[in-house]
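Next comes just one chain, in structure tokens: the form predicted alone.
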């Protein structure tokens, strides 16, 4: 499969041509949520970004196995504190529920939010609790290969030995081992470990710990980093194409995944590492303690001092498309208002496009050539590491031409039929199939207003017909038809419907 797609590889720091291990097929693993609370907006941005990546790869004809995990074991506060309580167990105690009730509650909430944002489901969505056996087997392999050691029922990864043997530790995050050592804080049971940079791959559970499993070393639970190594290997093999996630996971999570995969399988897990950037708010990092935060629900309802109103899910998805996935995205009320207008203009442009009619008698070669060029540019930009902002800009250039034709500033009969058909196809596929946008239904209040306006317009048309003002009656009917509304006159009166 010939392809011009280039992907920015965090591991190399460069854009690289996509060369799948198996031609026409791609294995992609993306780190999913830890389900101890409602999914936050930063996560939503990451999952929308990888949804667009997934959609575009599908659009280009690849057969993809997209794996996105659910972390329902919970990982420890501070990553590897022995004796600390994991987040799911902590929430279960606070709400007096079983840990699996907490995990199920917030997994369902996560799925609901992904549906609201119109993301496609992954091919496989494995849970950490369902793969304890695989995680135990990986710990055994790491121990057998000499990169792990046991202390009192807990097992640690030997980062110093691994770094000296393999020379790859720190490459993904861009950190030197010396820097990692100096940045590592003191741990509660540091004396158990050979070195502060070592991390737990199996943790002995204390008597109060709610989530625990039997293992050769102790009754305990796996380390946070281990689950993704085990599940990506289980479903994509020891070596696969793409591993993705938020930029905050580069270190320590992804760096330690690389170490674990080398330690167990003697190879790197993925060819390409892709990382999304963070979502800011009013120019600063989101923080509940500073009051600088929003939940998705608050965005939809407008129930926040940071917002002047609520915004629809598709307006928010459009807002996310306006920034490259590797760039920071600053969420402000003003930016959301602009995104809402932009989304509405894009949808209006699409409806206008569907109403255009060509005529082969007259052809404006410059106009047709310009539209052909813009269509090529859309895909050139998407092939350039999924550059959605530039592809959107190309679509809006098309919208300007479409609206000019619609408003008779450019004669539609100068547009070839093949160009128009291709434009309609490309516009529809990019906006709806790749970008994952969809036309939103009117709210009940808007429906009521629309009904009243249509009743008034049809009354005026009926009055024109009664007065035998056929020109006015036809003008009203044609204007409605151009707006996507079909008017039908029958024995029982006039009916109208929206054309899809």
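Positions refer to the first chain, counted from 1. A quick note: this is a predicted structure, and the numbers were derived from the prediction, not measured.
Separately, the form predicted together with adenosine monophosphate exists; it is not shown, and the next lines address it.
- With the partner omitted here, the residue from 269, 245, 222, 148 that has a non-hydrogen atom within 4.5 angstroms of adenosine monophosphate in the predicted bound form is 245.
- Checking 335, 120, 278, 393 for any heavy atom within 4.5 Å of adenosine monophosphate in the predicted bound form turns up a single hit: 278.
- Partner contact region in the predicted bound form: 44 to 52, out of 470 to 478, 44 to 52, 457 to 465, 428 to 436, criterion any non-hydrogen atom within 4.5 Å of adenosine monophosphate.
- Residue contact with adenosine monophosphate in the predicted bound form: residue 40 places a heavy atom within 4.5 Å of it.
- Although the partner is absent from this view, residue 26 stays clear of adenosine monophosphate in the predicted bound form, with no non-hydrogen atom inside 4.5 angstroms.
- At the 4.5 Å threshold, heavy atoms of residue 195 stay clear of adenosine monophosphate in the predicted bound form, well away from it.
- Adenosine monophosphate is not shown here, but in the predicted bound form it comes within 4.5 Å of a heavy atom of residue 249.
- Residue 286 is the only one in 286 to 324 with at least one heavy atom within 4.5 Å of adenosine monophosphate in the predicted bound form.
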